[in-house]
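Before any questions on binding or motion, here is one chain by itself as structure tokens, the form predicted alone.
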Amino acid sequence: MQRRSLIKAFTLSASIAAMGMSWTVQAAETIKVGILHSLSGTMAISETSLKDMALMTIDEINAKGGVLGKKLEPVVVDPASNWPLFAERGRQLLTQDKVAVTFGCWTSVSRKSVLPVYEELNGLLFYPVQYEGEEMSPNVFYTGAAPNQQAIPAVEYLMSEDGGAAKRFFLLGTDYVYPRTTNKILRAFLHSKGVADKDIEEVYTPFGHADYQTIVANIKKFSQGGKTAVVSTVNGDSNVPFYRELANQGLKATDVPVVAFSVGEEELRGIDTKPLVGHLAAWNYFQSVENPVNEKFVADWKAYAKAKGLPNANTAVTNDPMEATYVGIHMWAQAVEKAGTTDVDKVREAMAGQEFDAPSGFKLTMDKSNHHLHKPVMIGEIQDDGQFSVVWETDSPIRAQPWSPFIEGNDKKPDHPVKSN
């Protein structure tokens, strides 16, 4: 009797062990990928499409067999445009969900919030949006533009004959680190070109700001002092009332051109763009660029939006941070294949020099030392259909300068990543 009970107990424990092993095997059959974007709050207008693009890219990779023979499993969290919550959600992804990599953040304040967490836990973050530079972490790969790949070329264009030969500059931004640091760089750059402080106006508004009546009136008044351009680092859903107010007050691009660094096709979807024709945006990709890779990219995205029933799928558009998300995920997958593992230290090493034929029409390269992509620079004019016509672009990708030469002391900083704390 005792022997039979022992046999039963042994069989039961063996079965449980086998079940445990099967669960372990099942769990090991996927590679978890974190997606950290605001799906609610003021930044949802910009970030929701990046979450959807990440999911499309993961589906695309999985359809071709995944990575290292395993399917990618997305883990989506919503930090809700709440900067401290980004850090909490990032920690959750790394410690609870055990993701191999995270794709996420838009604002620099959200990236600064998660950075100490990813450095502490040796996580890997791919950041897909243009930013102010002044950072080069071993735990981040920056697939958006540094200032010399967007802000500086845009202002140079505004000063040129083709760009309107501007002599005065109204720097309008949302009140946080990216606009303030970018404008610090731009002010120093303008000084180097002989522009005096009296010809530079700097104004900031809080996140979610909606009343631009007085600001646009002040832009009109400031422009009476000479050829003026507006450089906009306004972020999130505040762009909608800002552009509506430009139209309301009849401020046309032929009078005072606005160049935006955080407005693309997605942000213009909810606006009548006819009164905004001729205003500018500086990016490294536009949906309107013509090449076979982009044709497929745009077609795949539109088909995905319809298949998944995304909001306003019939007017689905691509934009620069979406392209950067797409490139970043593919580059990470290539690096994992090269490394033969998802181990962060080995993937970091394998990322150096990775190349990808991007929808921009250029072969993009991850720099071998500074964790930034070499990217082309493009300036586009808003068209009445909400798309952009490219009016200027570089001949080839430009190497990023994360430490801007227009900030004192940067020439002494190393050209390789160092932890921020």
Partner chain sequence: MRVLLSRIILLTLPFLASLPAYAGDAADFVAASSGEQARLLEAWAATPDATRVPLLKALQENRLGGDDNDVPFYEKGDAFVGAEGNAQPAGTPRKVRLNNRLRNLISAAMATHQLYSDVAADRLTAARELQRKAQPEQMALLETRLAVEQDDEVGQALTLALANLQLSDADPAVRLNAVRLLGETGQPQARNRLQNLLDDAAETNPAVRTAANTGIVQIDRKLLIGDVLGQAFSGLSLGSILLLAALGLAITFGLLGVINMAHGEMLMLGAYSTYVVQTLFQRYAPDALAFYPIVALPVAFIVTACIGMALERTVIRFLYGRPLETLLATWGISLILIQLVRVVFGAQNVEVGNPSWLSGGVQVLPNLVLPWNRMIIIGFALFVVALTWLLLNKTRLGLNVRAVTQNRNMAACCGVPTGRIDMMAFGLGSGIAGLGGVALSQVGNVGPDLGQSYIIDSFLVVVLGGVGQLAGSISAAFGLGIANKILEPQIGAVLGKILILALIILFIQKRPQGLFALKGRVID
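Residue numbers count along the first chain shown, from 1. These numbers come from a predicted model, not from an experiment.
Separately, the form predicted together with its partner chain exists; it is not shown, and the next lines address it.
Per the 4.5 Å heavy atom criterion, its partner chain in the predicted bound form is contacted by stretch 233 to 241, the sole one of 233 to 241, 102 to 110, 117 to 125, 139 to 147. This chain is displayed alone, yet in the predicted bound form one of 30, 62, 365, 40 has a heavy atom within 4.5 Å of its partner chain; that residue is 40. With the partner omitted here, the residue from 333, 253, 94, 159 that has a non-hydrogen atom within 4.5 angstroms of its partner chain in the predicted bound form is 253. Taken together, 175, 205 and 266 are fully in contact with its partner chain in the predicted bound form: each brings a heavy atom within 4.5 Å.
With a 4.5 Å cutoff on heavy atoms, residue 220 counts as touching its partner chain in the predicted bound form. Although the partner is absent from this view, residue 192 stays clear of its partner chain in the predicted bound form, with no non-hydrogen atom inside 4.5 angstroms. Its partner chain is not drawn, but in the predicted bound form it has a heavy atom within 4.5 Å of residue 48. Taking the partner from the other structure, its partner chain in the predicted bound form has a heavy atom within 4.5 Å of a heavy atom of residue 44.
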